[in-house]
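Starting off, we have a lone chain in the form predicted on its own, written out as structure tokens.
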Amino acid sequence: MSGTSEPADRELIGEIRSAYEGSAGGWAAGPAGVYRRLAVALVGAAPLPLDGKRVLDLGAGTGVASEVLVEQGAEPVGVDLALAMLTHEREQRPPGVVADAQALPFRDGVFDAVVAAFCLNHVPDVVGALGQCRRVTRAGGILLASTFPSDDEHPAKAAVEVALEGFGYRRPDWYRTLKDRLATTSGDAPALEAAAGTAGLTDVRVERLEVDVGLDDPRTAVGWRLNMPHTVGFVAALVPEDRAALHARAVAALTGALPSSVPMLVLRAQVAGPPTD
């Protein structure tokens, strides 16, 4: 975290870190399957081959984007706020570093590319984080980032939250802040494009993609939402009978036709200058 961060932002980052520290197992059991398909689409949008390239996986989580990068022949290095995320199945993972996206602990120009899969929507200073991505990427290198558009949400999100509220759930403060404040930049294509330009990136493009992630299956959709960092702790604290009843109620609420896909914004940009070796 940079020394210029406001106290409220430092507190928010600490709350996000704590939430993700306690959710690695749940994430791997539920959301990871959805986010892996999204990572495949994001990496597939790279304007240049990543084979043999050193790639920073920013906001690596339990490693789904790193896994896709390895399959493409890249050499990823993971960064995440939460140690528990980086150490999940540690023996099968590329190297990882605990760090804040706003203050990356790497030399200038050390990476060929940065892949930030659903990371920017957790960063108080999006321009600052993108500037850090630019700094650690060599001239001619690329940035790929994904976020959810703020104007479109899968119906499972609202339905499962209603089911949760029936058992006493309320959104944590940090999650409300992410939704109410940060998504205004990360979830808006023109604002995200402008932020990348302000950060000094060039050839900036933001595209909206529809990605099939298999959410037409109610059980998959419920597993996705009940194992998110803002819900998994609440669910785990319920007595087993209530936990089973919550799951059943949420699945029952999704018996109608569900879209299998979700939209995502893909930011592609380049670091100015001719390619360097």
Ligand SMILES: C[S@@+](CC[C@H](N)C(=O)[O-])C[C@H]1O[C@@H](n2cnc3c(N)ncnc32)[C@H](O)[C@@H]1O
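Quick note: we count residues from 1 along the sequence shown, nothing fancier. This is a predicted model, so every value here is computed, not measured.
Missing here is the form predicted in complex with the named molecule; even so, the following discussion is about that form.
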Counting only non-hydrogen atoms, choose the one of 74-82, 200-208, 155-163, 136-144 that falls within 4.5 Å of the named molecule in the predicted complex.
-> 74-82
Would His122 count as a contact of the named molecule in the predicted complex, using a 4.5 angstroms cut-off between non-hydrogen atoms?
-> yes
Can any non-hydrogen atom of Ala253 be found within 4.5 angstroms of the named molecule in the predicted complex?
-> no
With the partner left out of view, is Ala99 within 4.5 angstroms of the named molecule in the predicted complex by any non-hydrogen atom?
-> yes
Tyr35 within 4.5 Å of the named molecule in the predicted complex, heavy atoms | yes
Though the named molecule is not shown, can you say which of Leu246, Val43, Leu215, Val64 has a heavy atom within 4.5 Å of it in the predicted complex?
-> Val64
Along 12-31, which positions have a non-hydrogen atom within 4.5 Å of the named molecule in the predicted complex?
-> Ile16, Tyr20, Trp27
